[in-house]
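Only one chain is given next, in structure tokens, and it is the form predicted on its own.
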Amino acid sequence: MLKDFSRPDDGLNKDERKAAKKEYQKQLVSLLQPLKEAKIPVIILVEGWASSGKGSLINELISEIDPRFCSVFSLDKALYDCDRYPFIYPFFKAIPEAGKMLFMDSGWLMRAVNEDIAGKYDKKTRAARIQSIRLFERQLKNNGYLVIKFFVNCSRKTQLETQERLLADKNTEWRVTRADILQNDNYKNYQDAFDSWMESTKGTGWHILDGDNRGTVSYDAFKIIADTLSRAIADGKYDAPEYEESFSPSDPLPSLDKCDLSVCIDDTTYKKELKKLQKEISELHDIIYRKKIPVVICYEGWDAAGKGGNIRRLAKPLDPRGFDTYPIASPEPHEKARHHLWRFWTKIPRSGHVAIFDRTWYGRVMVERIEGFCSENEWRRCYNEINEFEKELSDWGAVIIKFWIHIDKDTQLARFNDRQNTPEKQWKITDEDWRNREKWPQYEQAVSDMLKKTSTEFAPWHIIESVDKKYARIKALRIVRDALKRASKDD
């Protein structure tokens, strides 16, 4: 790919190319408002050799763009502390809102190549990274993102000359790092690595720019961006194809109507077990913190099923410096304007920490499905996207525990009436709760589909019978205790 690259002659002389570049630049600026109206988010990834002019190219590309329409991502800044998160985390976190543009000064390709060259990847890890990148790019495309990928290519000679020129001036020598020099010293190894990774993760395709001919780089980039945006605006919203599920479910769960909701526990046993389990979980929390094991605990369930009380008993023994609880409501405008998983990627815990979600990413296949907040294709596609998301977390080393807190319709009605008639509890009941109750059959079907399609070996669902809230709390704590034990056992 890079070894054999040769820019085709476009037949333009220097003055003609300069004039044409200005026209493409004007066209790009004129497309910003239509882009916003079409709600198309754009990611422009600029990869390339160190000292090849990537920064100068990005600076020229954004020079005439209203800063309200774009932002710039720097890989060096983004990677600070990112060894405590999944590989794709800093890139998912940075994705722009619909109608805006993100310019990336290096990204997932450079990170993968640098880590590969440094010997951080065995065969299994390399395959996992390739899969992460492929899924990331595909999910972006399927959710309406336009991704344009550039690689600024240059010869070893050009790279060395640029570095020597920068190093000769005390005002610019800071721009050449030891890593940049190392890249030039090992040019052939990096070239092989770039070629291999670009071929393995080509996904949306690469545009190679000729860094040996600086006069063509920005011209080619402006032309490609303007042409690509024009086509995207003319074509309208990308209609992602449906795709088959790629994960096999774990052992089948009992259907909701077969769950024994009569199970209960007496007060004496409850108090004794609660104290014992909380003590064990507290001790295990210290171990997973020391071993840097991330934990993600998800709570879904019927309104008034007892999620809040269950979460409080789980959170009580945890050190507050090592966990966060996220109550998830309907998405805010800036969240709806991004990939539906973005607001959860930004909340995943760093390694060694615990994140407890009160409602989760499963809202898309329940409330959004039933209320028509997304298309049928979007929520059907979402099962697989969720499984991919959870597999990414699991491969990273996260313990994933998912609870469905289950009650019957009569129990829910009794609890609704209790909340309605008790002044200090009235804040817990809303008109929306009553309206959702009228759609119980639709929700029951949606929940059954969710449990069937997303209970996997790496992230199984646990149905928690919660007519007796005390029983539900003990069952959930036991599951958490056992999962943490398995994860923290000594090698």
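Note that the structure is predicted; figures quoted are calculated from it, not measured. From 1 onward, residues are counted along the sequence shown.
The form predicted together with a further copy of the same chain is left out here; the points below concern that form.
**Q** Specify the contacting stretch among 360 to 368, 375 to 383, 327 to 335, 193 to 201, defined as having any heavy atom within 4.5 Å of a further copy of the same chain in the predicted bound form.
**A** Stretch with heavy atoms near the partner: 327 to 335.
**Q** Of 172, 230, 420, 131, which one comes within 4.5 Å of a further copy of the same chain in the predicted bound form, counting heavy atoms only?
**A** So the residue touching a further copy of the same chain in the predicted bound form, by this definition, is 172.
**Q** Here the chain is shown alone; which of 188, 124, 77, 258 has a heavy atom within 4.5 Å of a further copy of the same chain in the predicted bound form?
**A** The residue from 188, 124, 77, 258 that makes the contact is 77.
**Q** Although a further copy of the same chain is absent from this view, report whether residue 415 comes within 4.5 Å of it in the predicted bound form, heavy atoms only.
**A** No.
**Q** I'd like to know if residue 33 sits close to a further copy of the same chain in the predicted bound form, meaning any non-hydrogen atom pair within 4.5 angstroms.
**A** Residue-level check for residue 33: yes, a contact with a further copy of the same chain.
**Q** With the cut-off set at 4.5 Å between non-hydrogen atoms, does residue 119 touch a further copy of the same chain in the predicted bound form?
**A** Contact with a further copy of the same chain, no.
**Q** Find out whether any non-hydrogen atom of residue 318 is located within 4.5 angstroms of a further copy of the same chain in the predicted bound form, and reply yes or no.
**A** Contact check for residue 318: yes, within 4.5 Å of a further copy of the same chain in the predicted bound form.
**Q** Need the contact residues for 77 to 91: heavy atom within 4.5 Å of a further copy of the same chain in the predicted bound form, sequence order, or none if there are none.
**A** Going through 77 to 91 in order - heavy atoms within 4.5 Å of a further copy of the same chain in the predicted bound form - the hits are 77, 80, 81, 83, 84.
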